[in-house]
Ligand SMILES: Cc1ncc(CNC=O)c(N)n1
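As a starting point, one isolated chain is supplied in structure tokens, in the form predicted alone.
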């Protein structure tokens, strides 16, 4: 990592809000997977809810691509976003296969309030008035929380149940990690050029993603409330 990247806006924010960031990336739900103590009913709950979320995430990611085509000062941004979009079709198929394996009837899943809140937040980011740097901050944060969470379950010493290794490898892989690092470079570039007011909006968006991720993990780990 070069010095500029290491001292970019994102790293400063992560350091500044480390407690919240750690809460999102080292949540008890994730730690229960890593140490092998997870109740599989929690995983099944997460599976059904995240399938719904991913379907809502697709139009959001597409809206980021559209903003890139109009607002980005670097053509390579579109290529990075496209690579992420291309993987979402496979991701949705994976959720369906996993749901069948775990006997989770996706058509019967009732959307939890925390999931509804998250999806409404994505919809708000799709409005034309929302700045490119702000939506890209959200895209990076959403993807990176999963990458850092599930990669933790693959580290040496983890006791992740064999049944969950495939799920962890989907988001914890080096390939997905490289994608998230590409997103980070783009968002750092955008934020370094952003005016102060836009920078504040992006930071608030970053924090809101972390809060929503924690609520989503809470729902998965603890059940309906």
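From a predicted model like this one, the values you see are computed outputs, not experimental measurements. Numbering follows the first chain given and starts at 1.
One more form of this protein, predicted together with the named molecule, exists but is not displayed; see below.
The partner is absent here, but in the predicted complex a heavy atom of 143, alone among 143, 77, 131, 98, sits within 4.5 Å of the named molecule. Only one of 54, 65, 31, 165 lies close to the named molecule in the predicted complex, with a heavy atom inside 4.5 Å, and it is 54. Here the chain stands alone, but in the predicted complex its contact with the named molecule, taken as any heavy atom within 4.5 Å, falls in 45-53 among 45-53, 187-195, 154-162, 32-40. Contact check at 4.5 Å (heavy atoms) against the named molecule in the predicted complex: all three of 88, 91 and 213 pass. Taking the named molecule as it sits in the predicted complex, the stretch 149-173 comes within 4.5 angstroms of it through a non-hydrogen atom at just one residue, 171.
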